[in-house]
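Quick setup: one chain, the form predicted alone, written in structure tokens, and binding and motion questions come after.
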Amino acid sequence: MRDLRLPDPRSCIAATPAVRDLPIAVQGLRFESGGKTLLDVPELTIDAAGPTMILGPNGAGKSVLVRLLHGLLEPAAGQITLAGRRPDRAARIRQAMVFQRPVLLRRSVAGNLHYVLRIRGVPRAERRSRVRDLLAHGDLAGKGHQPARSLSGGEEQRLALLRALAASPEILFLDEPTSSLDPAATQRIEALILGAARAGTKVIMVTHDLGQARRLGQEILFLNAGRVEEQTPAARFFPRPASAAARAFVDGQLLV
């Protein structure tokens, strides 16, 4: 793959101030569906600098966890606090989430970005230059007038990520954003994610890709059968997983 060198994210995405909503703390969190417990997390705190990568086999509860943390699902029991407070609307506005399948507005490529900047209160005079810089940053310059849904899969996902980053979220949740992309498209997405992390955004990302977790992660959360089995720095997790399930996962013995 070629070395992708994107513009400095601070040239088009405002640097994120110190994250006000960390640590994220979980107490007695449980989620159920169809009479089954899909996630059971007695206690969890996310406060580490750098991206936190969530790993685990299929059905481990990874996507459920990030949706609960972002407020998209209601738990059957337990609570989530941000910096010691129950999440309110203002805290949710300081977050963003990008899904495995891009969710785009029926507007132009540029229109998707203008929309977010407008609802976040960016002055009209500033929006055009911000959109232009965002498109260049995402390697989408020249495609601003195209319908967003006419883009390729990799381009759609870059636009979804750019739209999430346009308002400089303090916490960015990502749910396998590159799972259906080829290596070149994945590299572009990873460059955007790392740029956001360098600009101060706390990244919490689900991935099934061990190589990606090594490249991006500072901290690893390993889930198995709805429980958090490990939470450890990435530099320690990959050479020395503590749990038997994590060792099997790293060795390729558990399905991803």
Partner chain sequence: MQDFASSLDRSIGLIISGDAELWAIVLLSLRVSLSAVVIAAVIGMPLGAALAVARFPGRQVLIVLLNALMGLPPVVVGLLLYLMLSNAGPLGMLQLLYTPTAMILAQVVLVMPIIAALSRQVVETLDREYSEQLRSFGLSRLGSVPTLLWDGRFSLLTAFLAGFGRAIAEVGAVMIVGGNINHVTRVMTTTIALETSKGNLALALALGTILIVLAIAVNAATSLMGGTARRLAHA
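Note that the structure is predicted; figures quoted are calculated from it, not measured. Numbering follows the first chain given and starts at 1.
Unshown form predicted together with the partner chain; subsequent notes refer to it.
Only one of His70, Arg227, His208, Arg215 lies close to the partner chain in the predicted bound form, with a heavy atom inside 4.5 Å, and it is His70. With the partner omitted from this view, the residue of Ala184, Ala77, Leu105, Ala83 that lies near the partner chain in the predicted bound form is Leu105 [heavy atom within 4.5 Å]. Interface residue remark: Arg128 is not counted as part of the site for the partner chain in the predicted bound form, having no heavy atom within 4.5 Å.
Among residues of the shown chain, Ser152 is not one whose heavy atoms approach the partner chain to within 4.5 Å in the predicted bound form.
A residue is said to contact a partner when one of its heavy atoms sits within 4.5 Å of a partner heavy atom; Gly142 fails this definition for the partner chain in the predicted bound form, lying far away.
Contact annotation: Arg158 falls outside 4.5 Å of the partner chain in the predicted bound form, judged by heavy atom distances.
By the 4.5 Å heavy atom rule, the three marked residues Ile204, Arg236 and Phe249 all fail to count as contacting the partner chain in the predicted bound form.
For the partner-free chain shown, Tyr115, Val116, Ile119, Arg120 of 112 to 140 come within 4.5 angstroms of the partner chain in the predicted bound form, judged by any non-hydrogen atom.
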